[in-house]
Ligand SMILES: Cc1cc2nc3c(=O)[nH]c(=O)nc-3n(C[C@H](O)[C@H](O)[C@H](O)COP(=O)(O)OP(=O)(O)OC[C@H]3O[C@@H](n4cnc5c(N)ncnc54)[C@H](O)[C@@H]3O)c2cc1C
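Consider the single chain below, provided in structure tokens and representing the form predicted alone.
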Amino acid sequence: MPVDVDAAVISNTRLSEDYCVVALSAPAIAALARPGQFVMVKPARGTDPLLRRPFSIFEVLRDKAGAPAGISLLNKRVGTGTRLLYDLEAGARVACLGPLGRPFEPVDPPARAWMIAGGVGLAPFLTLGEALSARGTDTTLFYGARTASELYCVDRFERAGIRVFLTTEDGGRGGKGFVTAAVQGQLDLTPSGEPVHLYACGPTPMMRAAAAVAASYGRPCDVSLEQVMGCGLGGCYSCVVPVWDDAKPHFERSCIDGPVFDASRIAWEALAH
């Protein structure tokens, strides 16, 4: 069951003029969190913003004894709620409900895991990468952005023993082009019988492309959808996702049935609109 806490801000590390990592003291949430789950956050009292906003759990923070002590959130300043979160200082309080949602399921060796992140879609992958590394699963992060200045926290993944493959659309760092093209290129070099499980999160066109690549190479792919959510508990139906079951389309709530979905079940053309 999720817990609702009034979490103290431990630190706010500003990565750029728009991105930051906010660390929250929330041991009860940290103890329950699984890779890919999220929290609903409200960074200020009052009615602006009125509702909480969903954030993937970026890190599970631990104390010196290794016990869960808190979580961190990777935030991009794009609106009122994210601006307030960006402006927080240590000691501020944040209403935080979680963990919520269907998590990723880490694969075991001999399967390999390829995580595909675009922009702020990096957020759910540090916890997943750590869980995969703990299982001994060979893990690679394919991380793409428009420019080199929009690639963040790469060192945190490398310290976790995760191989990192970077791409930028302008060629400023790593390979030039879309991150899904890099994944396709690596699949071209991978024997067809070798098990590789794909995980993707980022802009909808990127995830749709990742799903198409996975399908064309016969590889399973899970995606973490970044839907707008009003409650995070399934009551408002603001986060519905079009999916296929038995050749019939219907809607599921991403806050309960997701945010992690089998990419082959998503009705991508309907979601894009």
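Residue positions are given as counts along the sequence shown, with the first one as 1. The structure displayed is predicted, hence computed values, not measured ones.
Only in words, not in the display: the form predicted together with the ligand, which the text now covers.
The ligand isn't shown here, but in the predicted complex, which of 68-76, 190-198, 177-185, 150-158 has heavy atoms within 4.5 Å of it? Partner-contacting stretch among the options: 68-76.
Would you kindly say which of 131, 120, 94, 141 lies with a heavy atom within 4.5 Å of the ligand in the predicted complex? It is 120 that has a heavy atom within 4.5 Å of the partner.
Going by heavy atom distances of 4.5 angstroms or less, which of 241, 229, 221, 206 would be at the interface with the ligand in the predicted complex? Only one option qualifies, and that one is 229.
With the partner left out of view, is residue 106 within 4.5 angstroms of the ligand in the predicted complex by any non-hydrogen atom? Residue 106 lies outside the contact set for the ligand.
Classify residue 35 as contacting or not contacting the ligand in the predicted complex by the rule of any non-hydrogen atom within 4.5 angstroms, answering yes or no. Taking the distances in the predicted complex, the answer for residue 35 is no, it never comes within 4.5 Å of the ligand.
Even though the ligand is not shown here, does residue 212 get within 4.5 Å of it in the predicted complex, heavy atoms only? Although the ligand is absent here, residue 212 would stay clear of it in the predicted complex, with no heavy atoms inside 4.5 Å.
So in the predicted complex, does residue 80 come within 4.5 Å of the ligand, heavy atom to heavy atom? Yes.
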